[in-house]
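Just one chain is shown here, as C-alpha cells, and it is the form predicted on its own.
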C-alpha cells in the first residue's frame, strides 16, 4: 500500500519547491525574472517554491529549459 500521508519532511511539493528555490538562487535568478522568462506567473512560482502548488510536468519542463538545466536536476528530491 502506498503511503498517502505527507509530512513537511517528505511532501514532494515542499521538497520540489525548496530545490527549485535553491537552484534558482544559485544561478542568480529572481522569482520575477524566472517568471517572466518561463512564462509562469510569479504568484504561481511563489506558491510552487513554498510547496503550496502541485506543479504540472509541462511547467517543470519550462522551468528547466529557462534555467538551462536538465529536468532531472529539478526533480532529484
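These figures come from a predicted structure and were not determined experimentally. Numbering follows the first chain given and starts at 1.
Not on display, but discussed next: the form predicted together with another copy of the chain.
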Does the 4.5 Å heavy atom contact test between residue 62 and another copy of the chain in the predicted bound form come out positive? yes
Taking any heavy atom pair closer than or equal to 4.5 Å as contact, tell me whether residue 67 reaches another copy of the chain in the predicted bound form. no
Looking at the partner-bound form in the predicted bound form, is residue 55 within 4.5 Å of another copy of the chain by any heavy atom? yes
Residue-level question: is residue 13 within 4.5 Å of another copy of the chain in the predicted bound form, judged on heavy atoms? yes
